[in-house]
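Only one chain is included here, represented as structure tokens and corresponding to the form predicted on its own.
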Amino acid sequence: MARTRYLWAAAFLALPLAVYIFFVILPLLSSFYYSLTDWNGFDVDYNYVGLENFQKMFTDRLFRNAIGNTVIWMALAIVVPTGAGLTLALTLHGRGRLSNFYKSLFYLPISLALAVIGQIWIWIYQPDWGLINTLLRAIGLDHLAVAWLARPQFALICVIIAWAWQQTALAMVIFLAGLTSIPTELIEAAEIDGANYGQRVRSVIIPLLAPASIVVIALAVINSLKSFDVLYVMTRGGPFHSSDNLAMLMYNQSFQSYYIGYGSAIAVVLFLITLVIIIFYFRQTAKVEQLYD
């Protein structure tokens, strides 16, 4: 009986495992291999260059620029969606039937693909009839109405705002789930002791939301590292590489300039950074679980 069960389990797992190996594991391993070559994606003959592609990163201005933009994106990814999602969750939690409507309303962005969100925000940023410039002109601030995505000093922040709009919805849902697990007795006890709402949030609710906070921050950082679709739709890394991140630079080097070897090296660096963050996330999650056991 046990052998039959294992055979059935193996039969059901064979196809999805084969698909996973073919579409995830093999491309991952090939990226490591091609990162050590100068392959351009077409020629059958290419050279093994060792760590030359990785050494090139230290002198590549575009790579340093992409690293800086990625760090900015990661920092804002921790602050903006986490803070906004927590604020929405605290505002909407336990507010009756009307709050369910607002929860659904604020949840809508997470149901949209990032490519769609990018297109929506292109319309919002549109210089002639976009929402932002229309509002600025309506209140007499015509001099502030600019082509937001065409200005190097604004492009990256504009894309991050569009991306954070969706991530805030995800953070809100996770924090709402965390709020439902907090015993009401603890909050009522703090209220009886004379703690006002701000003190209850700061001293009781936020500490008990630590597991949810770790999940939100980890997902925001990981998603910021692999954010490509919204950036591709809105700016493609421009203008003048001002909004490039590592994912966008990897694409441009691999499929626009056809430096597959160098693009693969950037992909390896991005993978290693993500792996370190994931390991840190699991370690912190384990510590929190031990604390609350």
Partner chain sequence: MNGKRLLIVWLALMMLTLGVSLATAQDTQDVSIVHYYSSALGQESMTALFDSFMAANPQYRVVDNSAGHEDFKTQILVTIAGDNPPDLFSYWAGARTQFIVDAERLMPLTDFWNENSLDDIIPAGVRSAAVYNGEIYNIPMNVHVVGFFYNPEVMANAGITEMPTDWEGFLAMCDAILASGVAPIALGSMNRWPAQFWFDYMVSYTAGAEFRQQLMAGEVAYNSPEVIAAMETWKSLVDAGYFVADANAYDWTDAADQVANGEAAMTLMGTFITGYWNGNGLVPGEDYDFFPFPVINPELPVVTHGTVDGWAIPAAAANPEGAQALILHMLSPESQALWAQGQGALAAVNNVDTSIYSPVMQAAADYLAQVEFLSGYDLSTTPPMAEGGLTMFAQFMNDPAGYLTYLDEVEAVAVEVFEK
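Residue numbers count along the first chain shown, from 1. It should be emphasised that the depicted structure is a prediction, and the values quoted were computed from it without experimental measurement.
Beyond the structure shown, there is the form predicted in complex with the partner chain, which is absent from this document and is the topic of what follows.
Visitor: Within 4.5 angstroms, counting heavy atoms, which one of the listed stretches 235-243, 66-74, 264-272, 23-31 is next to the partner chain in the predicted bound form?
Guide: Partner-contacting stretch among the options: 235-243.
Visitor: Could you tell me if K226 has a non-hydrogen atom within 4.5 Å of the partner chain in the predicted bound form?
Guide: Flag for K226 set to no.
Visitor: Even though the partner chain is not shown here, does Q55 get within 4.5 Å of it in the predicted bound form, heavy atoms only?
Guide: Flag for Q55 set to no.
Visitor: Although the partner isn't part of this model, could you tell me whether V19 comes within 4.5 Å of the partner chain in the predicted bound form, counting any heavy atom of the residue?
Guide: Result no; V19 lies far from the partner chain in the predicted bound form.
Visitor: Should Q126 be counted as a contact of the partner chain in the predicted bound form, where contact means heavy atoms within 4.5 Å?
Guide: Yes - in the predicted bound form, heavy atoms of Q126 and the partner chain come within 4.5 Å of each other.
Visitor: Quick check on this chain: which one of I222, V204, A195, A147 has a heavy atom within 4.5 Å of the partner chain in the predicted bound form?
Guide: Only one listed residue qualifies here, and that residue is A147.
Visitor: Taking only heavy atoms into account, state which residues of 27-55 are within 4.5 Å of the partner chain in the predicted bound form, ordered by sequence.
Guide: Residues within 4.5 Å: W39, N40, G41, F42, D43, V44.
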